[in-house]
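Before any questions on how it binds or moves, here is one chain, the form predicted on its own, in structure tokens.
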């Protein structure tokens, strides 16, 4: 039995309006996220991953950037159409977000306990009768911050990078959201702390039954952490499906190229693979498939017509004329 998704993004379009023209940062993105499911969002820098997340939670710049089309259905309603005051009740309480740089996310002049406690002050419905201070200590323990009584009185600059990232996670988890968006949460962490944080994030996601959207450049992280993966290129999702299927048998040449670019163990002395060319200029994108100027399998039709997204009955889909996915016809 298939239940309705907790979060359903449909044909989302977010444009940047510049003096040189309109840049389609998000160009018709669609995906579903079911209860307890985790999805990795991958692609090169500038492919639109963070813009998708910011569009979902409506954290876009006030000027020059606007969501111009599509729907974000959360718990049965389109949150793109609700008022800003209503959105403030959703943001943080029902949809949490961990941003890339924890130091930029935390206020240097307030204690960690004060900043974590702000979630409970802003969303009193999240309280369960206990004092806010006690709830702050509990959530700090949950993210494995040692000596929470002492640490709650300290300031962000007194924390290591890993502990700051855990603090940001504590703020995001304080409201027990249904959906957690983690936008490259391990960028500023070393490998050891990165692994600890991802294991913690996965454990908390499973304990709370949350949906997780994990934005990353690292396909290894996606393989270990996520159920599904969506590959983005030039503001579009070009391939989506279960992690194992996509990584073991990529259906889009771009996904295949990303996998080939991963250094292989024992490959010392061999030349690393690189994707020729550069991502397209989204102010003046090429006709047809945006990846065709860099694609070794490009055909004449690729330069003329944008390929449709072909999907099979297992939730696997790819936007490529050469894809071998057997499309399900209605």
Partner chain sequence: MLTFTLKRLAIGLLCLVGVSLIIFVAMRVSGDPTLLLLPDDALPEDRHAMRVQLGLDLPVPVQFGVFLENAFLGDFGNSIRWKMPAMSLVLSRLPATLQLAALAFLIAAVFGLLSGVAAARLRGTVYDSLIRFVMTLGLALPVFWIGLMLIMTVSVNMGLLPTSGRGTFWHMLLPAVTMALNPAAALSRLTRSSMLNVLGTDYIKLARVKGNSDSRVVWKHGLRNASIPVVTLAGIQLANMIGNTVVVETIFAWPGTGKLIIDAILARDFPVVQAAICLIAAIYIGLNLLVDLLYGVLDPQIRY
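Positions refer to the first chain, counted from 1. Here the structure is a predicted model, which means the values were calculated and not measured.
As for the form predicted together with the partner chain, it is not shown, yet the points below apply to it.
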Original post:
Of these, 101, 245, 218, 256, which has a heavy atom no more than 4.5 Å from the partner chain in the predicted complex?
Top reply: 101
Subject >> Residue among 275, 59, 299, 65 with a heavy atom within 4.5 Å of the partner chain in the predicted complex >> reply: 59
Original post:
residue 122 near the partner chain in the predicted complex, any heavy atom under 4.5 Å?
Top reply: yes
Original post:
Does at least one non-hydrogen atom of residue 115 fall within 4.5 angstroms of the partner chain in the predicted complex?
Top reply: yes
**OP:** Indicate whether residue 88 is a 4.5 Å heavy atom neighbour of the partner chain in the predicted complex.
**Re:** yes
Original post:
Taking heavy atoms only, is residue 140 within 4.5 angstroms of the partner chain in the predicted complex?
Top reply: no
Original post:
Only one of 227-235, 247-255, 74-82, 154-162 gets a heavy atom within 4.5 Å of the partner chain in the predicted complex; which is it?
Top reply: 154-162
